[in-house]
Each structure stands twice: as structure tokens, then as C-alpha cells.
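This text opens with one protein chain seen in two forms, each one given by itself as C-alpha cells under the names structure 1 and structure 2.
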Structure 1
Amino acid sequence: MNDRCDRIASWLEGLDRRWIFLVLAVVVVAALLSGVSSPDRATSVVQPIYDRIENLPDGAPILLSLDYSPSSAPELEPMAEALTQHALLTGHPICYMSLYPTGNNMISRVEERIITREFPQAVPARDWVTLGFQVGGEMLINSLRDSLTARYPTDVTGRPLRDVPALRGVRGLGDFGLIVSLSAGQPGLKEWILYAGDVLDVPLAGGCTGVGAPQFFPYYPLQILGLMSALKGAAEYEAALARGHPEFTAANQPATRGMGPQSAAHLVIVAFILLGNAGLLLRFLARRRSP
């Protein structure tokens, strides 16, 4: 009996990681192919972002800073898409910018997937404007506090900002109804908190990757009104949007669909963690029983 426990424990301890890779791949691919997903519900950390947009004064613009590159897009892009859908559904102009060099392309993707396909009636410069990427990170934010035109005399198409109806009444960052930074690292949400949210007292919310979430929780709820963390945060926002706007179906949305494979992957990891500890327990029992 002791020998058998010891053998199983040794096998579990020395388990080749390629078996873990294989099981994870098979389960995730199966979940992807089956299309299984489970609609989520917004937690108290995500709901305030939705509520803020719902309760903005008519026509108040929203600044959306897409501070990520393609590597973080699977987690952060669904947030950008859901926020764009929500803003356009509620009639709030969106101003896109980025602190990342790849930001312009990330913005283009959201424009193409959401605005062009789902809101063909949306008019550039009236319903949304793209300022794009500029170098500088926190110093760029600092420059925009008093005047957007200090660093963005025109939008990416070359249109002067004074001719952009979406930004009528907006001089600096403090004139936005809400600023949201979807952040994959530095520069990102932390810089927005330090150089815009805290200084101007402008409502600020954020979205971040799963690994980045723990560093942003200390800022919630006093310095950021809400935080969407990883795909789960995006799925929660989609759920809130689906509940408030019946014309929006969460099940078709990328984050809600992505939660199926993510759930499967998490369950596989939990199963392997339990298996590893079962091996440890077996080893412990074998040692206790041995004379």
C-alpha cells in the first residue's frame, strides 16, 4: 500500500509538463469549438462604469484611451468594443487616443468592428473622433490637462480640433464626462490616475489585464470609479449592457463568448493543482505509515 502511494506520488511529482500542455490545449479547443458560454453579471466593481455612462449629461463626451498592444487585445479589446457600443447607444461622443505606439491600429480595429459594422449611421467628428497615439506617456497626459490642442492640434485625419463637433465645449481633460483607460502596463491607467484623475477630479475608470488587476484595486473606489479586469471584467460589462439595452445581445459578444474557453482553462488548472496536492498527500500518508 505504501509502495503504491509512493509510486503514484512520484509519478505525480515528476509529471511531464507536456501532458499538462496537451490536456489544456484539448480542453480549450473543445470549448472553443462547442461555443459554450455562460452570460455573466456585473459585479460592484464594474457596474459603476456602466452607471456613470448611463447617467452622463446628454452629449457629454467620453475619452477612451486604448493603452495596449495586440498581445493584450484579447482581454482589453472587448472592453473597448463594449464601451464604444454603450457610448454610441446612449449618444455620447467618443474621443479615442493612446499612450502606446500601436494604439492607432488598435483604435482602427474598434472603429472597423463596431462603428462601421454596427453603427453605420454614426458620423465621424460628430459621434467619434480619433486623436491617436502621441509619445510622452504621463507627460502627454500632463500636457492635455489644460488644452487638448497643446499636443493634438488635429485629429488623425488632419481635421483641426476646433472643427470637431464631438469636442465642442472640451478644452482640456477636465471637460470630459468620463475618462477610461484600457491599460496593459506602463504608461496606462496608473499614469491617468496620477496625472488626470487625482489632479483634475475628473471621473476616471479603467480596464486592465488579469495580471495587472491587483495593482489597481488600491485605487478603487476613491480614485477610479470602476475597474474591469481581464476578459471577465469585459464580460461583466457586456452583461450590464445587455440588461440595460435589450437591443444588445451579450451572448454574441467577444468577452462573453471567450468566457467559455477561459472557464475550461481555469477548471483544468484547478484540477491540476488539486492533483498535485493529492500527490503531496499520498507522499505524506506513505511516510507516516512506513515503519
Structure 2
Amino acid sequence: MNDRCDRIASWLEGLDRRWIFLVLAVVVVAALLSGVSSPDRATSVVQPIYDRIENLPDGAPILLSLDYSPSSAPELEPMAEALTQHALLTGHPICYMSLYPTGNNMISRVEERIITREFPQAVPARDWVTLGFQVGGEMLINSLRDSLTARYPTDVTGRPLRDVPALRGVRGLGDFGLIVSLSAGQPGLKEWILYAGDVLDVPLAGGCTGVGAPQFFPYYPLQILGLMSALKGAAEYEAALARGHPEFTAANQPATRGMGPQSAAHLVIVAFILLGNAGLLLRFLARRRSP
């Protein structure tokens, strides 16, 4: 019995890591090809963002700041897409801006993939407006508190903001029904909290990468009304949107589809961790029973 435990333990300890990578690759590819998804529901941290948009006064504009680069897009872009669809489904004009130099490209991707394809009836300047990237970080936010035109005299197409119906009645940041920052780092959600939300008491929500979530949870629920964390948070928001708006179809839920392969990968990793610990346990038992 001791010899058998020792052999199994030796085999587990000597397992080539390439087998682990191979099994992980096979499982993820199989999950992708099969289209397996992971149905979710909105938690108490994500649901308030959905509820806020649902309960906004008719036509209240939403400011969406895409504060991330392409490297963080897999986690944050599904949030931007879901928020865009929710705003347009409920008739709230959406205003895009960014604190990141790559923000204009990120905004263009969302416009092309969601507004152009899913809402061909949407009218520029009436249903959405793009202010784009401006340098400055927290100083940019400071300057926008009293007047958007202080740094954005026109939108990205050159149209004066006074001629943009989507921003009718909006002078500064405090006039938006909701501000959402999808943040991959600095400048991002933290700067929006410190220089906009805390100062103006404007409703503020956010989305962040998985590694960034711990630093933002202390701000909930007093300084931010909700927080979406990584692909899981995006999938939760999609779940809330799918329940509230049946027209939001499965084809428009990239985060929900992505959670299937991600969950499968996590199960494989946990399985190998358990196998590794089983090997240590068998080795321990073999040594205790040996004379």
C-alpha cells in the first residue's frame, strides 16, 4: 500500500506541466466551439446601475467615459456595449468621452458594433454624441464640472455642443443623470470619484478590471452606486438587461458567452490544484506508514 501511494505521489509530482497546458487548451476550445454559456444574475453591487438607468427621467443623458486601452478591452468593452444598448433601449442619450489616449478607438468600436449594427435608426447628436479624448486626467474632470465647453467646444465631428440635442440642458457634469467610468487604471474611476462624484454629488457608477476591483469596493455604496468587476460584472449586467428587455437577445451578450469558457478554465485549474494536493497527501501518508 505504501509503495502504491508513493508511486502515485511520484507520478503526480513529476507530471509535465505541458499536459496541464494541453488539457486547459482542449477544455477552453471545446467550450468555445460548443457555445456553452454561464447564465448569471445581477448581484447587489451591479443591479443598482441597471436600476438607476431604468428610473432616470425621460431623456436624461448619460455620460460614459471609456478609460481603458485595447489590452483591457476584453474585460471592459462588454460593459460599454451593454450600457450603450440599455441607454438606447430606454431613450437616454449617451455621451462618450475618455481620459485615455486610446479612448477614441475604444469609442469607435462600441459605436460600430452596437449603434451602427443594432440601432441603425439612432441619430447622431440626438441619440448619442462623442466628445472623445482630452489630455488632463483629473484636471480635465475639474474643468468639466462647471462647463463642458471649457474643454469640448465641439464634438469629434466639429459640431458645436450648443447644437447637439443630446446635450440640451447640460452645462456641466452635474447635469448628467448618471456618470459611468469604465476604468483600467489611472486616470479612471478613482479620479471620477474624487473630482466629480464627491464634489458634485452626481450619481456615479463604474466598471473595472478584475485586479482593480479591490481598490474600488470600499467606495460602494456611498460614493459609487454600483460597480461591475471584470467579465463577471459585465455578465451580471447583461443578465439584468436580458430579464428587463426581452429584445436584448443572446447575440448581444458577449460577456455571458465568455463566462462559459472562463468557468471551464477555472474548473480545470481547480482540478489540477486538487490533484497536486492529493499527491502531497499521499506522500505524507506513505511516509507515516513506512517503518
Partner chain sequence: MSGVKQRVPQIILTVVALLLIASAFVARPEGGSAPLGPRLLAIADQEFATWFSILAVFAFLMGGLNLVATHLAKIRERGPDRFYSLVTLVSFLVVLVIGTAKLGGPPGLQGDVTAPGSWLTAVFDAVLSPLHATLYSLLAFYIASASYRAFRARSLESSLLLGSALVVLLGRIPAGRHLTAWIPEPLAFLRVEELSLWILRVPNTAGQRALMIGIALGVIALAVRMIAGVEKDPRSGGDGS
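Each residue is numbered by where it sits in the sequence of structure 1, with counting from 1. Please read these numbers as outputs of a predicted model, since none were measured by experiment. Rigid core here is just the name for the largest C-alpha set that superposes within 1.5 Å across the two forms.
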*Form selected (criterion: the form predicted together with its partner chain)*: 1
*asked:* Once the core is superposed between structures 1 and 2, does residue 27 show a C-alpha displacement of at least 2 Å?
replied: yes
*For residue 274, give the CA shift between structures 1 and 2 in Å, the superposition being done on the rigid core.*
2.9
